[in-house]
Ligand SMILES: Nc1ncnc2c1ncn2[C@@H]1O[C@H](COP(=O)(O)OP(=O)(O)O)[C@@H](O)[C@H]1O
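Take a look at this single chain, the form predicted alone, given in structure tokens.
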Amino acid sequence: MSDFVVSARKYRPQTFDTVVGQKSITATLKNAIKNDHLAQAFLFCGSRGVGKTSTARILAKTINCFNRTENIEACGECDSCQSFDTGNSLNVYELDAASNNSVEDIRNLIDQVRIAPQLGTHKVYIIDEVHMLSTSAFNAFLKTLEEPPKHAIFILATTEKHKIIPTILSRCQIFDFNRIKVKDIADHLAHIAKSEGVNAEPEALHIIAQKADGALRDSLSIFDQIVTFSGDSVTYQNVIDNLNILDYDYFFRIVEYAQKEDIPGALLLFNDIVERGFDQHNFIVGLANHYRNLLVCKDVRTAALLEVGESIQEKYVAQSKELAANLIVRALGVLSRADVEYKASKNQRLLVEMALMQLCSLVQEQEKKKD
């Protein structure tokens, strides 16, 4: 039987400092432990894969550690830490509210809350996907959440804060987890690639980070998939082939054709894209995003908004210098209209081709206005 462990589990954060992209939250929790200002109920909110449950587990482990470090991290060596690492800790109780959402499940939890910890100072109750609890289960939970025993700490995690009733929200310290930045994800993937002995191109990791859409766990799953596909060398070409992503080069070439007013060239390139099986709507969205990136590069103050690899960024900066800002804005207008009209169109390919023809005519229109 294979001993392979997916990266999302193998590299799951074990300390506050290893949580990616949530420094303000981890710093607040560490200060709360240091100053003994721990609330008895926390609510961790945010989209999938941003570290809510991992942070809850780290908090539970650190609270009960007997020999915390000067940096307020769990030592990993005391009896409490070792029982936690092996999954045998009696001080941490996890409940998946998606499958245990009845009043009876909450009553069982409340019965356990009354029992004092056998080892350590606190018993921590982590309730994942808490928004899935039924209304009656929420109501059964209210009193305990408001006046829990001194040894009990509740950590609720959810992806949909708006579904939680206000009476629960008012009893919790609320922490909103950010979607993780592309650069942070790419840097983390680079660290993992190095640890695993995988040679990974920076541009390839940036593409994976972008595809993950702010979720670190998603990026790790994609990374594993690419490594399985390509072996110990993760290249930009491997990533776009495996994930069926349009190469940046297509968009750079379309813009070049538009600048040269080369309608046949643009249409032939678009035909090549269609024949390769790429979605026409995704092409429109991707081209609009390309023009947006070109506009962002026109000013050094907004250049930081560009979330791509260094070599790709240099190409964007070079191409943006060749285009006037007002021309880029008009191109964005053309693509925005095509995006809105795409689903309702009876002839979607013609709609996209008309948009490309309009892009290739913008320079000529501008010159006519000058005359």
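Bear in mind that the values here come from a model prediction, so they are computed numbers and not experimental data. When you see a residue number, it is the position in the sequence shown, counting from 1.
Below, we turn to the form predicted in complex with the named molecule, even though it does not appear here.
Chemist: Here the chain is shown alone; which of 152, 297, 254, 220 has a heavy atom within 4.5 Å of the named molecule in the model of the complex?
Modeler: Answer to the contact question: 220.
Chemist: Which of these residues, 180, 124, 106, 186, gets a heavy atom within 4.5 Å of the named molecule in the model of the complex?
Modeler: The residue from 180, 124, 106, 186 that makes the contact is 180.
Chemist: Heavy atoms within 4.5 Å of the named molecule in the model of the complex: which stretch among 43-51, 60-68, 314-322, 329-337?
Modeler: Result for this chain: 43-51.
Chemist: Under a 4.5 Å heavy atom criterion, is residue 156 part of the interface with the named molecule in the model of the complex?
Modeler: Although the named molecule is absent here, residue 156 would stay clear of it in the model of the complex, with no heavy atoms inside 4.5 Å.
Chemist: Heavy atom to heavy atom, is residue 19 within 4.5 Å of the named molecule in the model of the complex?
Modeler: Yes, residue 19 sits close enough to the named molecule in the model of the complex that at least one of its heavy atoms falls within 4.5 Å.
Chemist: Residue 130 versus the named molecule, in the model of the complex: is there a non-hydrogen atom within 4.5 Å?
Modeler: Looking in the model of the complex, residue contacts with the named molecule do not include residue 130, since no heavy atom lies within 4.5 Å.
Chemist: Is residue 209 part of the interface with the named molecule in the model of the complex - any heavy atom within 4.5 Å?
Modeler: Answer no; every heavy atom of residue 209 is more than 4.5 Å from the named molecule in the model of the complex.
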